[in-house]
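Before any questions on binding or motion, here is one chain by itself as structure tokens, the form predicted alone.
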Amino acid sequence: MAMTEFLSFVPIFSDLQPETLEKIEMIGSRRSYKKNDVILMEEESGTALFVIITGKVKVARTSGDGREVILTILTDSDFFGEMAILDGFARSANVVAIEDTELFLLQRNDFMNLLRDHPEISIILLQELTKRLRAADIKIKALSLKDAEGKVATVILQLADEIGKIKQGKVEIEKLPLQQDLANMAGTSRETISRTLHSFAKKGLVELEGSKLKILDYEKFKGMFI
């Protein structure tokens, strides 16, 4: 796929004309990372916007007691690094490749110029940030108020929204994160993740096949836990 075609699928660039996408391609650069490579470190200065061409990354913070807390998992056409670019402060989280990943980078000055020249990008960016804020609010409530089953279900629903594929009311997550990563997302233990997933399967709510998880009735599952 040509880079301009790829950029047209990135939400914040999807309404731009082909000649503008060509300009973005020219001012941007590409960078590759191997699985487990650290892409960004918390408290680093923010100098670029990152768009995922291929691969998958986790956005995480370290808690006061040294535990990793995974905030979200991002994949093709998702972007990150926008907060530090907009406010000029340091990065708010670590970003690590969880599989081989290729990124498209836009430096801060270039991105800010784009926002000035194309205010429609700012509108879409605000919509995306609002969407992420709402998702974070739901997750915070779930992790603070719900039992272990509710916490695990919230993470599954988050992954379904972010990387799942829906078909006839079923949502399939092709490659579920490692159970320890799921535990770090849910604020629980790996053993709790394993036990709860198998409990969901026994109840007929999900199907497990290796690293693949399928929610058999997405709306029913969502209604039970949200």
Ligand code: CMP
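Just so we're clear, the structure is a prediction, and the values are computed from it rather than from any experiment. One-based numbering along the sequence shown.
Unshown form predicted together with the named molecule; subsequent notes refer to it.
The closest non-hydrogen atom of S92 lies within 4.5 Å of the named molecule in the predicted complex. For the chain shown alone, M83 is a contact residue for the named molecule in the predicted complex, at least one non-hydrogen atom being within 4.5 angstroms. Within 4.5 Å of some heavy atom of the named molecule in the predicted complex lies at least one heavy atom of T72.
Among heavy atoms of R132, some come within 4.5 Å of the named molecule in the predicted complex. Taking a 4.5 Å heavy atom cutoff to the named molecule in the predicted complex, the contact residue among I173, V59, L182, I52 is V59. For the options L157, L197, L40, I163, the residue carrying a heavy atom within 4.5 angstroms of the named molecule in the predicted complex is L40. The stretch that touches the named molecule in the predicted complex, counting heavy atoms within 4.5 Å, is 72-80, out of 109-117, 96-104, 149-157, 72-80.
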